[in-house]
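Quick setup: one chain, the form predicted on its own, written in structure tokens, and binding and motion questions come after.
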């Protein structure tokens, strides 16, 4: 059977390796395992960016109907990734600092860095500058759920907090306590 690319219903182009049955099975050979881990990592992060998904859970491999079905399953070849394999891929991504366990102290869910926190910090500061929000106090909610969709729409609060912390270190933002939680003030930088 020739391997081919396939476009998912969401418009995501799957790589040809997604049609190879061994891709869905954890491989005992270390070289093959390392190669497939790299392929899976690239696929997961690219897909997450395509769909604006921030969290991947072991459960996403267990039950059909998750946001991740398009890549964690391939019905055309009757394959799906097993939860144990997905868990090991998540651990590999955490080890490479392209994901973090969220919440901390568990290993069943990760926050994916399809943009690194440093990149989110730049996006955040650029957004605040472009929308005239410098020296204005904004709540985390106003940033993650703005009235007009932005590149920050839907960003998880833990990731937003990391980006703001990075901006704070370079004196481009300051976290401020506000009546309903936390806010931030952005500065020219």
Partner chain sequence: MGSGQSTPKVTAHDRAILDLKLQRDKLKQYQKKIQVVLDREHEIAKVHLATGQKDRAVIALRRRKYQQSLLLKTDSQLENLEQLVSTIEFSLVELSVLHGLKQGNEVLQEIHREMSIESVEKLMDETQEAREYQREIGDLLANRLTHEEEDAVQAELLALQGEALGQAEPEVRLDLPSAPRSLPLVSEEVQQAPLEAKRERVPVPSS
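Numbering follows the first chain given and starts at 1. Note that the rigid core is defined as the largest set of C-alphas that superpose within 1.5 Å between two forms. Keep in mind it's a predicted model, so treat the numbers as computed, not measured.
Just so you know, the form predicted in complex with its partner chain exists too; it's not on screen, but the next bit is about it.
Three residues, 136, 174 and 187; all within 4.5 Å of its partner chain in the predicted bound form via heavy atoms?
-> The answer is yes: all three residues contact the partner (heavy atom, 4.5 Å cut-off).
Segment assignment from 56 to 64, 42 to 50, 142 to 150, 27 to 35: heavy atom within 4.5 Å of its partner chain in the predicted bound form | Stretch with heavy atoms near the partner: 142 to 150.
Would you check, heavy atoms only and a 4.5 Å threshold, whether residue 181 touches its partner chain in the predicted bound form?
-> Heavy-atom contact with its partner chain at 4.5 Å: present for residue 181.
Examine residue 168 and determine whether its closest non-hydrogen atom to its partner chain in the predicted bound form is within 4.5 angstroms.
-> Yes - in the predicted bound form, heavy atoms of residue 168 and its partner chain come within 4.5 Å of each other.
Those residues of 94 to 116 which, in the predicted bound form, come within 4.5 Å of its partner chain by heavy atom = Result: empty, none.
Under a superposition restricted to the rigid core, does residue 176 display a Cα displacement of 2 angstroms or more between this form and the one not shown?
-> Result for residue 176: no, shift under 2 Å.
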